[in-house]
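One chain comes next, on its own, written as structure tokens: the form predicted on its own.
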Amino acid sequence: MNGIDLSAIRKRFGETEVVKGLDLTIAEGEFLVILGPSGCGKSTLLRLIAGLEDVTQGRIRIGGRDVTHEEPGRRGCAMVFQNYALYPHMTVAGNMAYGLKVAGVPRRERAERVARIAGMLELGALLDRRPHELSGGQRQRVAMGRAMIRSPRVFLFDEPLSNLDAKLRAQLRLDIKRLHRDLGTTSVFVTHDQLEAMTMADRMVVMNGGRIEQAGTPQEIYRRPATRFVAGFIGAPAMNIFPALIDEAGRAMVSGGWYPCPDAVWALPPGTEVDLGVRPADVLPGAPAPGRPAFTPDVSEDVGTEVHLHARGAGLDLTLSAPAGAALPQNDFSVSFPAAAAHCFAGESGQRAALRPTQKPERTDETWTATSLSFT
């Protein structure tokens, strides 16, 4: 059993608390990606699992065994650092094989495993070079190979692809996923790159300010963000989020116009402040219409498969996405979107609105009150 359990983990540096009472279970064989902005505590959390930082409070278990105070070398983890951490006096082959040598693996087997991993990482022609003779991307591939070759109980990756060019980064994403598929090793991968997180993760954890904002599969988090932060952080381009007030008809009033709301907010009393979110791909442009804010095209971005149009109007910024070649508005326009595509978050707490029970209430009288709604 090589799962990981984190219980009430806190980490302070002096008076600054960077991980704040975090609970997380990582299943055996799972590929978990921890995603978040700089300074959110994701790399610190990885170092706590590895034993490179001491926890201030809480427990860490790997394979059911309490390793909270164990030395890093006894935890069965192999970590790929963001800054390479290679031995400068050793060759590429020596760096990759060093852990096997210490473990007493025979020379022939070491050479075979080095050759296999080097081929996967396109390092075969570099095995006799030393780190100072390599580019930054090549050094990171050596660091990855050194971790991969050990077949550890747990892989820990701290933004290992950030120094690589786009083509190699895409190739290594596939290589890491193939390695995980073939070995089934529990893996924790830290990144700030959404594409890496969405394409690699069995499950994602989104962190902010030392806490977990949401955990789930990539599609769960993308389609149903639990908080305003997650909604704005996940997705490229970012979700459009507009401040709004709920009116007597259960609609969201935005800068003098209105938009339909998801069923979850129909029970909110008029005047409730919310943030209404809609993804750029769900925005439908049309001719200016009464009761809808008008937007003026500003800048467009052609990314090959689609075009992103940025527009402004009524004190709001709007982004919409359309397939490549689609006709985009050239003059002022209004937008619409189905209520099912809308997301609603509490104006103050930022929590997603959710009805309890989840059925839409019958709209018959004045009995609609906030008691049937919560922000969860």
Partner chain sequence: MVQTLDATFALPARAPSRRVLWQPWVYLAPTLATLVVWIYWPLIEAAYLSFFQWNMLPTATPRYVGVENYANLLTLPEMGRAVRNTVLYILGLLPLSVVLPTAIAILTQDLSGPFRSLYRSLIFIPMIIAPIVAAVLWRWLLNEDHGLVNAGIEVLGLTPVGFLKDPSIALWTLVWITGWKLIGFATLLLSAANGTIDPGYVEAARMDGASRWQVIRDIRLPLLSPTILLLTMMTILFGAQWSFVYINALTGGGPLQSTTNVFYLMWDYGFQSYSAGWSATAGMLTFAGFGVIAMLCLRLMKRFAVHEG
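Note that the rigid core is defined as the largest set of C-alphas that superpose within 1.5 Å between two forms. Note that this is a predicted model, so its numbers are computed, not measured. Positions refer to the first chain, counted from 1.
Only in words, not in the display: the form predicted in complex with the partner chain, which the text now covers.
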Does the partner chain come within 4.5 Å of any heavy atom of residue 99 in the predicted complex?
yes
is_contact(residue 90, the partner chain) in the predicted complex, heavy atom dist at most 4.5 Å
yes
Answer with yes or no whether residue 310 is in contact with the partner chain in the predicted complex, where contact means some heavy atom within 4.5 Å.
no
Using a 4.5 angstroms cut-off on non-hydrogen atoms, would residue 73 count as touching the partner chain in the predicted complex?
yes
Taking 4.5 angstroms as the heavy atom distance cut-off, pick the stretch from 144 to 152, 282 to 290, 190 to 198, 205 to 213 that is near the partner chain in the predicted complex.
144 to 152
The partner chain in the predicted complex has a heavy atom of only one listed residue within 4.5 Å, and of 27, 316, 52, 322 that residue is 52
The one residue among 276, 121, 77, 239 placing a heavy atom within 4.5 Å of the partner chain in the predicted complex is 77
Contacts from 193 to 228 to the partner chain in the predicted complex (any heavy atom within 4.5 Å), listed N to C, are none
Is residue 110 one of the residues whose C-alpha moves 2 Å or more between the shown form and the other one after the core fit?
yes
Against the rigid core, is the Cα displacement of residue 228 between the shown form and the other one at least 2 Å?
no
Core fit, then residue 101 C-alpha moves 2 Å or more between the shown form and the other one
yes
